[in-house]
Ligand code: HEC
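Have a look below at one chain only, the form predicted on its own, in structure tokens format.
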């Protein structure tokens, strides 16, 4: 009996030491916080600042570079606007009302299917429907001012005169994606569906209520992939590229999600059968 009590006491000491070391001796790793929504008063900006805002939106909140890049080839390049857009406005397949580059870009962002560049349409639609989402809704949710800022940036990047004006009648400040302060906390996501919506998964994938078509269809992904494979695909998307799709998913979600949120997302996807 005495020997048994000694073993129990020894075990409790070891467990206690391990618990203390786990909590105090091992540094905690926290994911980098997502961009904060810092309000920017565009009505007080000059054009140079407006262009800088457009560049941040193009590379950040808008997630435009996921598709408009030379590597993936999933969407037309946007570096030579005059050479590419002028012929489209004259094309008989063009169904819009724009008469200039700025107007065409606004249409393309708000109503992407008004004109679909040959070879870049949603699969099975004969280039009649664009896979690009309306930037005014969903996870992107551009305001009018944000749309104009992106257009100003694109025109400037192409060496064109800026033909859009900075809005002066904006009722609320425009949120600008800036890195949050180091150590900043955020509210945790509460469901896999929320994570899918907030991280913009539906911009590329068909999942939940979203109809993205640039990436693999995930509506029934749980019937073909197990939890470990799904987790790997999120943390290291380049490890296994689905045939027929370009390697364009960024390996950033392991840093943007807490461990519990990652597991929540994986379990949600695994349930899609």
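Nothing here was measured: the structure is a model prediction, and the numbers come from that model. Numbering follows the first chain given and starts at 1. What we label the rigid core is the largest C-alpha set whose atoms superpose within 1.5 Å from one form to the other.
Form predicted in complex with heme C: not shown, discussed below.
So heme C isn't shown here. In the predicted bound form, which residue out of 227, 208, 241, 45 has a non-hydrogen atom within 4.5 Å of it?
That would be 241.
Heme C contact at residue 116 in the predicted bound form, heavy atom, 4.5 Å
Yes, residue 116 is a contact residue.
Using heavy atoms and a 4.5 Å limit, would one call residue 149 a contact residue for heme C in the predicted bound form?
Residue 149: no contact with heme C in the predicted bound form.
With heavy atoms only and a cut-off of 4.5 Å, decide whether residue 104 touches heme C in the predicted bound form.
Contact check for residue 104: yes, within 4.5 Å of heme C in the predicted bound form.
Determine whether any heavy atom of residue 142 comes within 4.5 Å of a heavy atom of heme C in the predicted bound form, and answer yes or no.
Close contact exists here: in the predicted bound form, residue 142 approaches heme C to within 4.5 Å, heavy atoms only.
Would you give me the residues of 198-228 that have any heavy atom within 4.5 Å of heme C in the predicted bound form, in order from first to last?
Those in contact are 199, 200, 201, 203, 204, 205, 214, 215, 216, 218, 221, 225.
Does superposing the core leave residue 192 with a CA shift of 2 Å or more between the shown form and the other one?
It does, since the residue 192 C-alpha is displaced 2 Å or more between the shown form and the other one after the core fit.
Would residue 227 count as moving between the shown form and the other one, using a Cα shift of 2 angstroms or more after superposing the core as the test?
No, the C-alpha moves less than 2 Å.
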